[in-house]
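Form predicted alone, single chain, as structure tokens, below.
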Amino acid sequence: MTSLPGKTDKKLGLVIDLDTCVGCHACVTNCKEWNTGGHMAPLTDLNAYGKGADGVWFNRVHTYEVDDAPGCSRTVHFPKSCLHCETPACVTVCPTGASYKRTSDGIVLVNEDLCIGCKLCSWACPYGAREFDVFEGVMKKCTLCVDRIYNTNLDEVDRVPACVLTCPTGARHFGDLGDPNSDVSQLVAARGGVDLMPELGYKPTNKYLPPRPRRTAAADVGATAELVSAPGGFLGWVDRLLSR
């Protein structure tokens, strides 16, 4: 079985804001496009428009209705991909060493030349983040776009995973979660970022920012009244406009 590094120099990962994700699937689409046409091995789409359609998706978005209060619910969009755990079960069960965790940055990858497609990693992963490519007979997963983040031919602003680059609402953030002073670590601390299923003990690197509490109807009415009646509010603006 494959061993894990004692420690990693960095903990590169994602921070996903569930409060601002609108479920547009732009991250899913751009991940698919980049990993099809980029440096990494292509993602397969078999019988895309026919019976038995199959393919590989590194990133998926699930949508749930969550009860906020009696008679009131909200829609939460939940993106999910490999969490690049500190102690990933998918690595330790691999019989060939194909699945491994990098010491330099903590990213979990698959060496497809060593993978025999036994699927032990997919059975061990409790997050369902492993994908079996039926065409090539190997396991695949999110790589945090290692071919982008270290590509010096790209402008520095573009050296982020494709999903982060394309998010229209800024719900996805990328950085070193092992550095307490990094932007992502400070964001997690400020918003109370959480692990996915921490009780399992795999210590995911990726964090989720929970949705902010909704304001009550009374608070909304009060805020609207203040906005409208204040000298600098909407009515004040209308008054100044009509007084010209």
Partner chain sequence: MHPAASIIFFTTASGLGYGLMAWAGILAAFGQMPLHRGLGIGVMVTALVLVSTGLLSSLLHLGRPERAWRALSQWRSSWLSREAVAAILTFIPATVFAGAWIFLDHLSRLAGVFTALGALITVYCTAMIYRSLTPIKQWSNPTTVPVYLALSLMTGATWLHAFLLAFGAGSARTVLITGAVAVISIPAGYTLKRRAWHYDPTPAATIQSATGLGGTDIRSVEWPHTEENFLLKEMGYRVARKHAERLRQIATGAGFIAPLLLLVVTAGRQDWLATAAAILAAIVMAAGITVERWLFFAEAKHTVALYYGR
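Numbering follows the first chain given and starts at 1. What you see is a predicted model, and the numbers here were worked out from it, not measured in a lab.
The following text describes the form predicted in complex with the partner chain, which does not appear among the structures shown.
Although the partner is absent from this view, Phe58 stays clear of the partner chain in the predicted bound form, with no non-hydrogen atom inside 4.5 angstroms. Shown alone here, Leu196 lies within 4.5 Å of the partner chain in the predicted bound form, counting heavy atoms only.
Contact annotation: Glu86 falls outside 4.5 Å of the partner chain in the predicted bound form, judged by heavy atom distances. Taking non-hydrogen atoms only, Lys203 never approaches the partner chain to within 4.5 angstroms in the predicted bound form.
Along 106 to 137, a non-hydrogen atom within 4.5 Å of the partner chain in the predicted bound form is carried by Glu112, Asp113, Leu114, Cys115, Ile116, Gly117, Cys118, Lys119, Leu120, Ser122, Trp123, Ala124, Cys125, Pro126, Tyr127, Gly128, Arg130, Glu131, Phe132, Glu136, Gly137, in order along the sequence.
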